[in-house]
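A lone chain, given as structure tokens: the form predicted alone.
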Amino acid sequence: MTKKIKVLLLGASFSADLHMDGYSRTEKAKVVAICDKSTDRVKSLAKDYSITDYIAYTDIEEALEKTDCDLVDICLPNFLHCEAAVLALEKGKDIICEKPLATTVEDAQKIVDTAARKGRHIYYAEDWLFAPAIRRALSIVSEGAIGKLLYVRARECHSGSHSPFAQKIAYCGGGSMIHLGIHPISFMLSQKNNEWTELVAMTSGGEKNNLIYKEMEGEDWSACLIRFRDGTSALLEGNYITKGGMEDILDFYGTEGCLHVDLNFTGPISCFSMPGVNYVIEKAEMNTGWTRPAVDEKYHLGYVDEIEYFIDCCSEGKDARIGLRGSDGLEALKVIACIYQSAKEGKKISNPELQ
């Protein structure tokens, strides 16, 4: 039997739960240590997945120094990604890093440069690329069923994060575009070899200019029109003003047809409940009346296959495919920086690397 990949998990909150679900479904890896400043969160996460044979840490440097592991999985708040990634890479470990890779282009570049210098791999966790519905949609587009692809509309939206780390630009890197729009951005860049030519964007602007969340430093609504080298265009959106649960929606338009993907509301269950069901979908404000309760939400959003893929890459000592590398996380942040520049200056931005 192939040796199990030993994993050190940094963080024990929301994204750590998503990744832990993936580890719980594979025989190829073992979480040997979990690090979080809250020991209660560590214990709760381990209990949820029936993990007993692990070591708990509250300090990242201590965890990296003492843990015998092959892979470090970074599920920390955005502003801690760079420090944790660099420390892990300097220790000679491959890393998985949740989106976004960092809060700034400069920090993302530092992570990528460190990995290159140490000869290690960065596995950038873009779950959309593993969602079964998106994979099927891409196979339909690839077979030519809708003709030549002309235009894509993609968005991730919900009713807003209440995490303190989403309220401040220093902690998150921005607002809804970097926190939610990162998914459609990374998805489109992966399909177009990171070759975008121009974009124009608008955002709500943050604080008093926001549509709803006046105390949030970053924007609560954002959209970008972007064109790629092959002539395809896309409208990419991220917002915190959407009620009724998470929206992960993609629309593909071609010369011979169109195709629509809804990751969250296309489940086979419809339920009418007066007392309410325990769980509907992520960010649903209500659980009474007619609802569409999710069926294996983490699998259908791509997290399970994502973790399995990264474990295989680590085991084989190879880089991930396009869209899932550290360099791809860096390119996504470069686009987001251009989006914020375009929105602030009210002008079109051309890709300086494709001039």
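Keep in mind the model is a prediction, meaning the values are calculated, not measured. Start at 1 and count along the sequence shown; that's the residue number.
Not pictured, yet referred to below: the form predicted in complex with a small molecule.
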Report summary line: Testing 208-216, 272-280, 155-163, 226-234 against the small molecule in the predicted bound form with a 4.5 Å heavy atom criterion leaves exactly one stretch, namely 155-163
Query raised in the report: Hey, with the small molecule in the predicted bound form, do 177, 203 and 243 all fall inside the 4.5 Å heavy atom range?
Result: no
Query - Contact of residue 18 with the small molecule in the predicted bound form (heavy atom, 4.5 Å) - result: yes
Report task. Verify the contact flag for residue 96: yes if a non-hydrogen atom of it lies within 4.5 Å of a non-hydrogen atom of the small molecule in the predicted bound form, no if not. Result -> no
Query raised in the report: Wondering, does residue 190 line up within 4.5 Å of the small molecule in the predicted bound form on heavy atoms?
Result: no
Query raised in the report: If you check in the predicted bound form, is residue 324 within 4.5 Å of the small molecule, heavy atoms only?
Result: no
Query raised in the report: Out of 144, 267, 132, 77, which one falls within 4.5 Å of the small molecule in the predicted bound form, going by heavy atoms?
Result: 77
